[in-house]
Every structure is written in structure tokens, then in C-alpha cells.
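Shown here is one chain on its own, the form predicted on its own, set out as C-alpha cells.
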């Protein structure tokens, strides 16, 4: 069904079709995860394990950590006050008319955020990098998955969104997060010089073809061999679809996993031969 036809359908019907489609594709997703777990790449099993863990109960202390993040999300979702209150020096028009609730609505939903948590927990990156903090939900999940071992650096252009994120992280007791505010073209280079070689990279901002590829190319020379790159909203626009089509065929990646909304790519590492691409999974995260 094309995007134009879907756009003409009433919202209740679109929701019903999505639900039916997820139910129909769920069995094939389970098969795809089983195939991934058997792929000849040591990181494939870790990603498969993270995908399986998304909808399983967590141990008590971990669940309490996730509940606290979701409570922070709920508080922001209930805030109808403007994001921009004039207290920060921002050019007129930036984020004007956006409420805190609307800003929060752009955050990754629960299952996708949980996948970030489980990936961070299983890959145990020495250094993590996020492009696109928004109000801090995804960075909270990644930082919680790191479990205080190492540091996440997150970049955000909006000072108002970044201020909210800092407040959220402080309340959650997440002290392993560093922040840079400004355009990615201004902050990415200095951030990479500061943090060194990232092992986990979450690219979640400026969802267009050229910028997505440009940010990846800027990060790649700094990334450790075998680094995990997570690309968000890979089907958000035609530009992002084109970017994902190019990225998933990039020979620099030894492992490519398509989770529908997220694209997971693991760089080549010494001692790892071959290349594996998963089939697309539809219903695990959304």
C-alpha cells in the first residue's frame, strides 16, 4: 500500500490495518530472529538476544530503572506549557509554538527505547555517542544500559530540549552523560575529538539522505572496529529510505539488521569474515 493511499485512510482504519499487519508478520519476525542468532558473526547472537529481551520481564532493579524513565516521560507528555519560555538566548522562531508534550512525543516509544537499553547492556561500549537528544528519553535508556560503566555523549541543536533532558537525567541519577548543544556540523567534530573512538553510535536527527550519510562518514574514521551503528527512522521519508538502502549495502558493515524503524549495522572487526543481512522485522519494535 503506497504512502499516498495510506494518507487518505481514516486514522482508526490505519490503526486497525497496522495491528492486523503486525499480528500477521509476528511469526516471520520470530523466524528472522532465530536465523539471526545462528548467523556466522559473534555480534549477531547479541543482537538477537537483545531483540528477544525487549518484551520479556526485567529483574526488579532494572525494571525500577525503566519505570523511572517512563514516569519521566509521562510527566512530560502531560505538560501543555510551551517548550520555549524566552529564558534562553535562541534565535526567534526556533521551537516556537511547540509544547513540552509535543517535543516529548518525538521520543522513541517504549519497545524501541528498550532495544537501545538492551543493546547498550549487551555490547558494553567503552564510549557511546548519540546525535539527537530531544528531551532525553533515548539517552536515558542508553545510559541506563551502560549501567554507569562508561559515558554517553549526546548532541542536540535545541537548548530548550537539551535543558529538559539534563533535568530528566539529573532526576534519574544518570551521571554518565555528557552534552553538546548546537548544530551537528558544529558539535560533532569537537565531540569526536573529545571522546575518542565510539563503540556505539545512535544517529537520530536531521532525517534526510545527505546529512545521514555525511554524519556516518564523519564518525566512521573515529569508530572502533566492530562498532555498532544504530540508524533511527530509516523509513521516515524517501530520503531516509534511500540512505538506508545505501547503508545496508555498505561493505564496511559485516552485519546488518533491519528492525523496521531502526537499522542496526556492525562494522567489520579483525577476525570476523563474511557478511550477513537479516530479513526485515516488523513487529518487534515500533
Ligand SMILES: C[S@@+](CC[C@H](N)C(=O)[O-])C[C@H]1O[C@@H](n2cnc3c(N)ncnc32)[C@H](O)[C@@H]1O
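Residue numbers count along the first chain shown, from 1. These figures come from a predicted structure and were not determined experimentally.
Beyond the structure shown, there is the form predicted together with the ligand, which is absent from this document and is the topic of what follows.
Novice: Could you spot which one of 121, 108, 151, 166 gets a heavy atom to within 4.5 Å of the ligand in the model of the complex?
Specialist: Contact check passes for 108.
Novice: Find the only residue in 129, 146, 137, 177 having a heavy atom within 4.5 Å of the ligand in the model of the complex.
Specialist: That would be 137.
Novice: Is the gap between residue 133 and the ligand in the model of the complex 4.5 Å or less for some heavy atom pair?
Specialist: Residue 133: contacts the ligand in the model of the complex.
Novice: Answer with yes or no whether residue 117 is in contact with the ligand in the model of the complex, where contact means some heavy atom within 4.5 Å.
Specialist: Residue 117 lies outside the contact set for the ligand.
Novice: Does residue 215 make contact with the ligand in the model of the complex, using a 4.5 Å heavy atom cut-off?
Specialist: Contact check for residue 215: yes, within 4.5 Å of the ligand in the model of the complex.
Novice: Does residue 79 reach the ligand in the model of the complex if we count a contact as any heavy atom within 4.5 Å?
Specialist: Heavy-atom contact with the ligand at 4.5 Å: absent for residue 79.
Novice: Heavy atom within 4.5 Å of the ligand in the model of the complex: which residues of 178-205 meet that condition, in order?
Specialist: Those in contact are 182, 183, 184, 202, 204, 205.
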